[in-house]
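Form predicted alone, single chain, as structure tokens, below.
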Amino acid sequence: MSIRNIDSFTHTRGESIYLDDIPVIAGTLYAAVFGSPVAHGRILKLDLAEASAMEGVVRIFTYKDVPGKNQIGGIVPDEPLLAEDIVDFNGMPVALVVAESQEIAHAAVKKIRIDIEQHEIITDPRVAQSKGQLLVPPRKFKIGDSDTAFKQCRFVFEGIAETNGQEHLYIETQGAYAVPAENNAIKVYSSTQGPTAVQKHMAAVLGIPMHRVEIDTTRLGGGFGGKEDQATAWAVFCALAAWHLKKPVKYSLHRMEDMRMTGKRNPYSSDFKIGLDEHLKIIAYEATFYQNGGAAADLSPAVLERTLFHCTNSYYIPNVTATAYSCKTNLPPNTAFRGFGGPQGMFVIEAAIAKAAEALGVTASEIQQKNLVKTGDEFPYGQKMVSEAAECWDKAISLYDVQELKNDIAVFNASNSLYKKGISFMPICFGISFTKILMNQARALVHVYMDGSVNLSTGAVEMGQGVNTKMLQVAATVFSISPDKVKLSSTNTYRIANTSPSAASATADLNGKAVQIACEQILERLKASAAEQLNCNVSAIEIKEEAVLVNGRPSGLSWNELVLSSYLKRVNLSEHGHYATPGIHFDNTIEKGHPFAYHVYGSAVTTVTVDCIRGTYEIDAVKLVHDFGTTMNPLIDRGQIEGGLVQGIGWMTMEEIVFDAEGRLRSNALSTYKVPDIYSVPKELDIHFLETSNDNLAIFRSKAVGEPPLMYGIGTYFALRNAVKAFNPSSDIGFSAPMTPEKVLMGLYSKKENK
């Protein structure tokens, strides 16, 4: 059973409910944050007098007004809600203004005066690492003996690879609406991917137990990881004010506030060393990752871990040493972003292969193909693969007639001096599960009402990825009823407790399995009730298309009639399902284990055309073969591939985060920060669903599709680089993403220095 996105009707009519669509209660107040104007220093004086005296300002809060713990750090408790004596980044919250309107609150923020004794500002992760400024201790993944293996390699190459950050740029900015409730409780509508994280930190800040805090999320206007942990602060600000003032408080950030004060995808600066034998087999690989974590840990340590997990991408390398540093800098704390560290690791190994290929006079695809991981191969973290890598690669080569494509590009480049084409191949291998094993659990609450309709609550947060549609699809499939009979409720911490965030591409699997378990338990009770009514064995009962069958034949009893009769017999028609991913484990004391339920594979072929006078370019085509498993909803999954790919292309080409030496964000508006539009997406996009027979732990064997497609965008970078090299073989273009038109232009006319 495949159905269209259940939100498509209300989305197109403008009827879907987001945070700003919730009717405000009379007396609602509005909040705004005063952020530090300095990236690092000690607060000498904070003057709130002029702001407090403004008409319409109700109260201004500082850390002194926190009744519980002034701390919202998740992995590491290193992030105060409001600065106390030290500020660590430009925009760090120092004071919270609450006023009768948004306009007054923002006007009052401008009246606050602060004196700060400036300290050294660090924005470069390598500088931070050299000074011992780390957020957590370094991590190292290792397999074999790379030191010894390099001595046996025929070819060895070294280099540096750089990837910049990326702004989440969700359409709906960060925000929350807090409403005091009776018995010293509070209800908060939050635009968050992690309702339980908000609930947990809110309770700690307010000094109350979690059962007095209700978080409710209907849907998000985009998240991409930026609302996994970083939604917490804004919700807690509203709750803090509502708690003190006993009035509702709302805060929806202005776009420039959001861009200035929230973290981005982690930038990385990395060193690589790669060794090959005479047959182009990669024998040894070393990588050192310097992650820019920003001023607090946030999710950077977990992001760094996933970089290590994906540092060899789709390749089997017998000797690997990968070392990673999470570096503390004076930038907003960086955080989760689609791919969660995986893309940063993959870019480095692809850069290493590209450098080796250029030096050896072969194409990168020759090295890539020879080293694709096979079933039974072991990754540096100890997990052995069930691989679809070669199948995806071979299918892409044959389906898209790659040899003819290469020939056409060669002919074009030979006959054109001012335009050059480039081609690249990008295999992907992405692990599905939270790498923090305890997070791989989910619950679902299912009610079947006496009229046969069904209500479903899960811990999944809908943010445009179609997870609500898939949850509804699971319930409708298990019960074999019309999707119209099933309704999804909002994600609510009072209905579903202890939720994991909607992230890591695991949301549909975890919550879908919980829904399946709950529905199957109710179904078994209904079958027993039907068997009793029809005087037959339970094994003879089947419910199909809302009809009760006995040994495959209609019994005359409908779904609605069975549900009502079962209710009258006091049969339990509700169930709370719990699912925990089996078989996964990881021991970080030895950095070995089996952390992923399964892996997703794929291969993309990207072609581009570069204008060698201007440095501008077009993406001609991206043709890919993707391992969906057995897709349960092709339309939604195709949409995820398209969106993820374009977001990856944006990261690799035009989305350039710029901070100055003082830690001020310069790319702070949509005029200075560019994302792909209709003119910058591939002119042709082909997606082939690979048919596979391997079993997996995905819901209905439909593999997760949220994060993996972003990595296909890396291929665009290398296609552009190859086009530049076709124009200027001696170009000293290096490996620094994003590949903006400025970098292309400089690369077209740069030359390596003779040494």
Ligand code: HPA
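Every value quoted in this text rests on a predicted model; they were computed, and no experiment measured them. For every residue, the number given is its place in the sequence shown, counted from 1.
Just so it is clear, the following notes concern the form predicted in complex with hypoxanthine, a form of the same protein that is not shown.
- In terms of contact with hypoxanthine in the model of the complex, the residue from 348, 302, 215, 605 that brings a heavy atom within 4.5 Å is 302.
- Proximity to hypoxanthine in the model of the complex, defined as a heavy atom within 4.5 Å, holds among 433, 493, 319, 633 only for 433.
- For the chain shown alone, residue 474 is not a contact residue for hypoxanthine in the model of the complex, no non-hydrogen atom being within 4.5 angstroms.
- Using a 4.5 Å cutoff between non-hydrogen atoms, residue 598 does not count as a contact of hypoxanthine in the model of the complex.
- Within 4.5 Å of any heavy atom of hypoxanthine in the model of the complex lies no heavy atom of residue 201.
- Although the partner is absent here, residue 228 lies within 4.5 Å of hypoxanthine in the model of the complex, judged by heavy atoms.
- Contact annotation for the candidate site: 40, 94 and 295 all lie away from hypoxanthine in the model of the complex (no heavy atom within 4.5 Å).
- For hypoxanthine in the model of the complex, the listed stretch (497-505, 444-452, 531-539, 253-261) containing residues with heavy atoms inside 4.5 Å is 497-505.
- Interface residues of 305-328, taken as those with a heavy atom within 4.5 Å of hypoxanthine in the model of the complex (partner not displayed), are limited to 306.
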